[in-house]
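Next up: a single chain in structure tokens, the form predicted alone.
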Amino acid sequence: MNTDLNLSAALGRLSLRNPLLTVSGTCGYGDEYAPFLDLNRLGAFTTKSVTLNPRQGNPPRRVAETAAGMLNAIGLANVGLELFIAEKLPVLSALDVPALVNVAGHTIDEYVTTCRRLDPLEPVAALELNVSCPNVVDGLVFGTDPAALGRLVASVRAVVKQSLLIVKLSPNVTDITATARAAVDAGADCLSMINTFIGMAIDVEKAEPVLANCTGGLSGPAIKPLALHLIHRVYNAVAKPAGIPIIGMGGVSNWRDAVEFMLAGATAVGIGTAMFVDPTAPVKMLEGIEAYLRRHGLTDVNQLVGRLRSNAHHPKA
């Protein structure tokens, strides 16, 4: 521990020992990565999506590598709410970091029922509403309609009393500030962004899609410039004026990427696809951030948040 640097970050009332956390869907429920990474070195751990009922997900093939990224169409495969509570929460309880539980559903009632059940449970520090999964048939209904998103968030807000309420925004919209504002106005404590972009890959020999679902979510370094732009927009237009923190994600591969996201306005940074390449990536990123702070004479990682200086000749995005 470096006592001369403050690496802690705050997502509203939730305190993290550092600003790095896992992204939902990439690291399972915690025990999968335990042999490769001391998860207690993270600021927080985010679970894969939990739905009211178990889901088998999409048929294979469900993952495909692309240039500078990957496509996934897992389809929210998970054990369901009750098995998650019985079998997975004990794993999260053993961690010495906050657990953020990602929640998905088909209807408002499903979200509300799942969140009401999870909210009072001790290991659950935050509930992250997945309204933007691009690899299920109905996954974008709430995430692309500001009015529908507002109704969903308000309904969940009414039953979530203990946990931090995070809304994960979709980039697959015309104006992401509209959905961000709808989520904040309806009671979100924090925004996480962005989820994956809709994409596809084609097998030219077979003349058919590589993924059985046809399309999937594109993640990895290819989407980083897009993610940075959208985070910067939402930070300036919505999050900063409202005092709402952002968890930034989308192609973060190294410490430089993490610093870029914080300069653009993210309070914390999510790591996903990079974990498939190197499970120890978060530790290396944290070391890089520490060195960066020292080189620039900074003593607090929060000094990076929104520190981006806009070009004088170019209007703010």
Partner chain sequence: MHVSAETQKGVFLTRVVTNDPVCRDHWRFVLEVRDFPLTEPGQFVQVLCREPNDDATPGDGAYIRRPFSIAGLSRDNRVTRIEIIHRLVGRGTHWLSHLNPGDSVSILGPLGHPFTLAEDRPTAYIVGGGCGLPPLIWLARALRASGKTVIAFCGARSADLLPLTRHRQAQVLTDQPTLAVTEFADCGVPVLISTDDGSLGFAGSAAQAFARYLHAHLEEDSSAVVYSCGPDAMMHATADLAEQYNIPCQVCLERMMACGMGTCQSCVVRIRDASDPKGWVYRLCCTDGPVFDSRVVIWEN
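Residue numbers count along the first chain shown, from 1. It should be emphasised that the depicted structure is a prediction, and the values quoted were computed from it without experimental measurement.
Omitted here: the form predicted together with the partner chain. The next part is about that form.
- Using a 4.5 angstroms limit between non-hydrogen atoms, residue 65 touches the partner chain in the predicted bound form.
- The shortest heavy atom separation between residue 34 and the partner chain in the predicted bound form is within 4.5 Å.
- By the criterion of a heavy atom within 4.5 Å, residue 277 is counted among the residues contacting the partner chain in the predicted bound form.
- Taking the partner from the other structure, the partner chain in the predicted bound form has a heavy atom within 4.5 Å of a heavy atom of residue 254.
- The contact residue chosen from 70, 289, 52, 39 relative to the partner chain in the predicted bound form is 70, the criterion being a non-hydrogen atom within 4.5 angstroms.
- Contacts between 166-182 and the partner chain, taken as any heavy atom within 4.5 Å in the predicted bound form, involve no residue at all.
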